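Below, in structure tokens: the form predicted alone, a single chain.
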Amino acid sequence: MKKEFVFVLLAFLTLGLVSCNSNDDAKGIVIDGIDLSDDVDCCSAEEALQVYKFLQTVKIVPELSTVVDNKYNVFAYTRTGTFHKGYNDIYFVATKRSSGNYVRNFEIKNVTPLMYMVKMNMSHSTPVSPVFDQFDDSRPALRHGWISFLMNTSDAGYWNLSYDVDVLGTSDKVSNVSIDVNALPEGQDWLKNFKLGDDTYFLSLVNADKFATGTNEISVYVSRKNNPITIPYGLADKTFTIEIDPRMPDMGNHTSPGNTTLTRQDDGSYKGVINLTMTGLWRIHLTVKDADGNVVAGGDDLKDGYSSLYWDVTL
């Protein structure tokens, strides 16, 4: 596999997109005098513009970008260009090297993060979205998925990441690329786990740094640890409900009104409503129930708190 990071191409692509989409009558991407409107593999002008606008809101992860068969560039992005413990969105685009235009049809598969534990001389994976799918209909050239890292990079261990890519029938693999996973700031803890029988489940709170004072949609994924543990942890087959009780431990443990139980959605996520009435540290106490309404985790009313299972979110 040939790897390189073509930042000059990104600048070239940006200029091409801005120039070709400044005209409302544009029928396709025009780069260096070539009209690509008839290139069925690539985006229309409007689709390319929508992808370009979105990519201005994220940052490239250069170590995960690659070149496929010297024909296509594949670029990876996250919100910050880095990773942190817990839930991370990750995005991919593919472009033709000859033109710089975004390719509509490509696949990202077998995304496999592995933490190597130095002292224990063993490796384990982490929760990963089941598919890296098309982001939406207006941006068919953008793929989206997520990874929820169990721990940050430290002296105890380090992360490698691999994935397979197929662009218009040409396949390649990015193998064991070293990535840094940063610790979350103090007062932020968005990934917790619980045991149920012989299984371990992980509760990944989605983008808690986007919460604001007032009412917020809260979204969570529930994943089950795999056997062997080097295989990425997929979404749990079991259906749960997750009751939330947000409290402010620095403010007398007062709660807030209008919170709703998280229930499973068609996409496998769990969604509800949380009301965070002021800035500061919020400890979101959890009670997890099975499909029959039995408490299987949390909700244990400890003497010094409300549940031994909770996320911390600081606004």
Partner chain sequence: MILSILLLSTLGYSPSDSVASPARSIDEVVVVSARAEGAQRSPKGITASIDEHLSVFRNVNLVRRGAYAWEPVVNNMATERVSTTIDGMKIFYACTDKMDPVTSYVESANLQSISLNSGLNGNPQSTGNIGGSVDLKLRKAGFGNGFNAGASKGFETNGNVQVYEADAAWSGERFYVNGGLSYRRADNYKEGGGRVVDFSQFRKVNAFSNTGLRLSNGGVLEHTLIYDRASDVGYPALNMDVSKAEAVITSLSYRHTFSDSWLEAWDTKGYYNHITHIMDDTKRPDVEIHMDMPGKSSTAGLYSLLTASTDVHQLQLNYDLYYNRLFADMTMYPGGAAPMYMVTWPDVGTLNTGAALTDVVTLGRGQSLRLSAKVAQQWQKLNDEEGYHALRVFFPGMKDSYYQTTGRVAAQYAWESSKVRLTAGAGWGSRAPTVTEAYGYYLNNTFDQYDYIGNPRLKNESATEVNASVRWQPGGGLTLTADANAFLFSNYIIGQFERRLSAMTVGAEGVKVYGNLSHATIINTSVEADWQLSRSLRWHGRLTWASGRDDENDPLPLISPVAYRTGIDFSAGRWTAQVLVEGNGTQTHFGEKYGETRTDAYTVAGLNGQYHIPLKTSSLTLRAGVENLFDKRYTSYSDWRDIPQKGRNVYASLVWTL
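In this text, all values refer to a predicted model and were calculated from it rather than measured experimentally. Numbering follows the first chain given and starts at 1.
Omitted here: the form predicted in complex with its partner chain. The next part is about that form.
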item: Partner-proximal stretch of 70 to 78, 236 to 244, 145 to 153, 213 to 221 relative to its partner chain in the predicted complex, 4.5 angstroms, heavy atom; value: 213 to 221
item: Touches its partner chain in the predicted complex: residue 279 (any heavy atom, 4.5 Å); value: yes
item: Its partner chain contact at residue 250 in the predicted complex, heavy atom, 4.5 Å; value: yes
item: Contact flag, residue 261 vs its partner chain in the predicted complex, heavy atom cut 4.5 Å; value: no
item: is_contact(residue 59, its partner chain) in the predicted complex, heavy atom dist at most 4.5 Å; value: no
item: Interface residue in the predicted complex among 275, 269, 287, 44, criterion: non-hydrogen atom within 4.5 angstroms of its partner chain; value: 275
item: Residues in 87 to 105 with any heavy atom within 4.5 Å of its partner chain in the predicted complex; value: none
